[in-house]
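One chain comes next, on its own, written as structure tokens: the form predicted on its own.
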Amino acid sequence: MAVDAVVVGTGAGGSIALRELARAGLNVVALEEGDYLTSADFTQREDEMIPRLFQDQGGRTTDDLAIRILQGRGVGGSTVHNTNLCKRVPDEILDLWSTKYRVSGVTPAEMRPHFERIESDLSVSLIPTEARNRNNDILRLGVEALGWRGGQLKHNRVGCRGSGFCELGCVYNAKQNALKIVLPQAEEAGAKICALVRATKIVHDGCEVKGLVAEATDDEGRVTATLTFRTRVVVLAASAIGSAALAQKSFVPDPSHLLGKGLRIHPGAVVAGWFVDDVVGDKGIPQSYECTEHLSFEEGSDKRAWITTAFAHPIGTACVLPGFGAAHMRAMREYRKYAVLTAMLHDESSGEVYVGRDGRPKMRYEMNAADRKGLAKGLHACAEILFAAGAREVVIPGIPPVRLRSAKELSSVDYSFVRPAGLPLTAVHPMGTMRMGDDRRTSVVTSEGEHHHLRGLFVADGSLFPTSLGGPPQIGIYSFSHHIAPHAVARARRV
């Protein structure tokens, strides 16, 4: 099949690239290895939706099993299951990329129109204070009691019912995301979306893209057909993990040995506080308030923890709640009385993506000493907030768990458990494996998103980011794809 362009992945970055290519009048197709699910398919059951919406059925981890990595799989990508947090890439980060990492065209002033366009497309707004559930209000109360920086977050919901099931897909179709908004716009402009089709190889001659090979599969992942696309433009938007792995499997030129390197993932851990009165943290908007007191965007800072809420549904809670047998049952019976916070690390540790012997992507990542210390400070801050808000007991689920009855006990906590396999860690924001920049010796793609050495290969996802963001990346990914799309259009028209 001959097409003008192929987009691999249909999440935040892929949806925008697909829409803009189609609106330019180009014959473009998007490939998505997951299924095409809609609000009618979202059952609000963890056992049913996690395997359908997440890579590796929710079991993806780093290669040492120390960090669980939650990534979307399906049409709409991670925008289907995320909690709709909408923050722009911080000005300090954009300035850093422009100066130290030599990325052109991404200063705060240059990116502002892209952010504004995306926020308008997705109906981004401040979460109303009346929509803040008690878990988030506990965070606010603690932050205000301590005199720390904090504030209400923005989201892209319209008509939210407050069911609390955002992470399992919105049955009420309130998410204004790639699945609901952007991909239908792309289809209206003539784009085609192929679900259950896995890209396997970028065809090229070492200098320019010639095509792409893919496999169609059934619901069980069995290959049913091989598809070959003749095209001179391929846009990778399969996440910092999927895009880098496909490029590696396709033997994309990598003279600087940077492909797959520089992986950042925002690793995070939780702290739980027990309250006398019910919290019922699983109902309402999951995340509506943040604490930024311990977050700095200055490289090398010891303040690199972004704090927000992180309540889980019952099965997810049972998996991380300390205890066994009767003790675990007693703890689960107190489910309604827990408030849960998370410290997410603005990480400077650098991991990598590589392809395993089974042909699947693998992630090698370990926090350095400074990052472990930064995360420990974030966990300490979470405990301080919970006690300041009135918690009677605070639990940090290390191995073994740390149980505290008062803020005074915090001074004696030994945080040496913040290490691989010493603390349940989760990451949801892979970034940085095909970083952008003007210097081909220090970056994989240009500031316009095109590969330095392979003409016609573009990247339009979190792979582009030279560093961690220190916050939710979806608006950044949508916006950087919008920044790159005109260059992909121009290339497709030239060839």
Partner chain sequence: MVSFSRRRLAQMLGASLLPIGGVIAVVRSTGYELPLVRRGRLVVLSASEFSVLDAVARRMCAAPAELVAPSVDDVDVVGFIDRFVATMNETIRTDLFRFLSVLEQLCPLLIGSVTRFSKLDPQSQDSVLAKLEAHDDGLLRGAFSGLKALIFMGYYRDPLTWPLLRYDGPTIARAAGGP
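Quick caveat: nothing in here was measured; it's all calculated off a predicted structure. Positions refer to the first chain, counted from 1.
Below, we refer to the form predicted together with its partner chain, which is not included among the displayed structures.
Note to self: Please determine whether each residue of Phe297, Arg304 and Ala407 possesses a non-hydrogen atom within 4.5 angstroms of its partner chain in the predicted bound form.
What the structure shows: Checking in the predicted bound form: none of Phe297, Arg304 and Ala407 is within 4.5 Å of its partner chain.
Margin query: Is His257 near its partner chain? Define near as a heavy atom within 4.5 Å, in the predicted bound form.
Written below: His257: no, not in contact with its partner chain in the predicted bound form.
Next item on the list: Although its partner chain is absent from this view, report whether Phe42 comes within 4.5 Å of it in the predicted bound form, heavy atoms only.
Entry: Output for Phe42 is yes: heavy atoms within 4.5 Å of its partner chain.
Notebook entry, point to check: Is there a heavy atom of Tyr172 lying 4.5 Å or less from a heavy atom of its partner chain in the predicted bound form?
Noted result: Result yes; Tyr172 sits at the interface with its partner chain in the predicted bound form.
Notebook entry, point to check: How about Arg198: is it within 4.5 Å of its partner chain in the predicted bound form, going by heavy atoms?
Noted result: Arg198 lies outside the contact set for its partner chain.
Note to self: Can you work out which of Phe229, Tyr354, Trp148, Tyr335 has a heavy atom no more than 4.5 Å from its partner chain in the predicted bound form?
What the structure shows: Among Phe229, Tyr354, Trp148, Tyr335, a heavy atom within 4.5 Å of its partner chain in the predicted bound form occurs only for Tyr335.
Margin query: Under a 4.5 angstroms heavy atom criterion, identify the one residue in Pro113, Pro420, Pro184, Pro128 near its partner chain in the predicted bound form.
Written below: Selected option: Pro420.
Next item on the list: Given that the partner is absent here, state which listed stretch (238-246, 160-168, 71-79, 100-108) has heavy atoms within 4.5 Å of its partner chain in the predicted bound form.
Entry: Stretch with heavy atoms near the partner: 160-168.
Check: Mind listing which residues of 376-412 have a heavy atom within 4.5 Å of its partner chain in the predicted bound form?
Finding: Just Ile399.
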